[in-house]
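In structure tokens, one chain follows: the form predicted on its own.
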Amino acid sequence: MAERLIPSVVTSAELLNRLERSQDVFVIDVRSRDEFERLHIEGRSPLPAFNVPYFEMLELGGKDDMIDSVEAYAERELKEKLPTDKQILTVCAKGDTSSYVAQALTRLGYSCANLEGGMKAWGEYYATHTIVEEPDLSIYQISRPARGCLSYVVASSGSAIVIDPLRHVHHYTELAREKNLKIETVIDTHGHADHISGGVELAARSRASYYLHPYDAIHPIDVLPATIDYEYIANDRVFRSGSRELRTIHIPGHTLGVIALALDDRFLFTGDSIFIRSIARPDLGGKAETWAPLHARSLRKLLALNGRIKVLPGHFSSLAEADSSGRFVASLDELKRTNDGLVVLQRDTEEGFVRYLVESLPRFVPEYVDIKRVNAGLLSADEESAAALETGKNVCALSQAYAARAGATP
């Protein structure tokens, strides 16, 4: 048995920093092929990476010791594939087995580091970016990079509104404590299908009010009412945070109850309607052809707003959609020119746009039905089952549809 080496480690925060800066990252992912297919590390551009299940390395390495076996396999099978001019990042489910791979590659002379906590840590990593921080207004964008989910904290005069909080709510309470904010209002822009909302739990922990449009408090497939506590959102309702006001715009289409929130003519929180490069799908309630015309009219309503307003979306498909600071934000005028769905919407008749929507639908993710049940209080999910339901990247946008259908990375 050769000497054991302690490999370098890379945290999820360090990994995101590298990806946002488009630094070279060469990935060896040693999970099963199914796990790799469902979720893998992506950058602003396609990353050099390959997937070799760890158990195959052990079996084909042919040694009694795990690291010896991986070393023998790598020397024989990977020598021509591994770079010698950049660091190799080893990845597994929880950061354990990939550590052995990192040790074996280090012994062979490669520059190697292991992702601390593996894909579990990466999948649960949250990042916070400041959109604006002024004397009387702060907006923070909280992202979950592995899943492409975005949420927001809007603060003024010590009062905060949280929009679309994700499942791990301590990120919001810690931010509120750090910034000396009181969370008074929690809003879900719609009944989410791709992730479990933290809205009800965050509102309870913060002694805040939780709001949802009543149309989305009915499970669209089961046609059963939610059992969670919530207050109704109506169109043109005003939510106040200190001296600032957020006004709701009911925009049915992605769901029947989805809303956007406008903060003056400066910021528009679009939830699942307009993203940076794409638009939301209209079929997660099982009524694509019925909801698509609603979606078209709602998007036209948003396009009529001031073109200088900054759009803050509910999802992203790629880190490449972020600006140089890692923030997902763009003016409505810019999106009218660059967003595929909005370009088609402005060019085509409603009939043509509806046809575009229906013909562009992504695969339907079966787990989304149960996620909606959890969010409505119709189904319970412990940590393990919640994590299983949320495995993989969100598939809420049309532009992701083509890649998902082809089995490629968007």
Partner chain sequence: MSQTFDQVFDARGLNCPMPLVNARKEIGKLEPGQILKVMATDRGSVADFQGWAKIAKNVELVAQENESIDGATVYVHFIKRTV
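Numbering follows the first chain given and starts at 1. Since the model is a prediction, treat every value here as computed from it, not as a measurement.
The protein also exists as the form predicted in complex with the partner chain; that form is not presented, and the subsequent description refers to it.
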Tell me which of 116-124, 212-220, 129-137, 88-96 has residues with heavy atoms within 4.5 angstroms of the partner chain in the predicted bound form? 88-96
Taking the partner chain as it sits in the predicted bound form, is Y54 near enough to touch it, meaning that at least one heavy atom pair lies within 4.5 angstroms? yes
So in the predicted bound form, does A388 come within 4.5 Å of the partner chain, heavy atom to heavy atom? yes
Although the partner isn't part of this model, could you tell me whether E351 comes within 4.5 Å of the partner chain in the predicted bound form, counting any heavy atom of the residue? no
Determine whether any heavy atom of E59 comes within 4.5 Å of a heavy atom of the partner chain in the predicted bound form, and answer yes or no. yes
Counting any non-hydrogen atom inside 4.5 Å, which residue from W291, Y100, F316, F269 sits next to the partner chain in the predicted bound form? Y100
Quick one: of R44, R355, R363, K63, which gets a non-hydrogen atom within 4.5 angstroms of the partner chain in the predicted bound form? K63
Determine the residues of 356-384 with a heavy atom within 4.5 Å of the partner chain in the predicted bound form and present them in sequence order; the list may be empty. E384
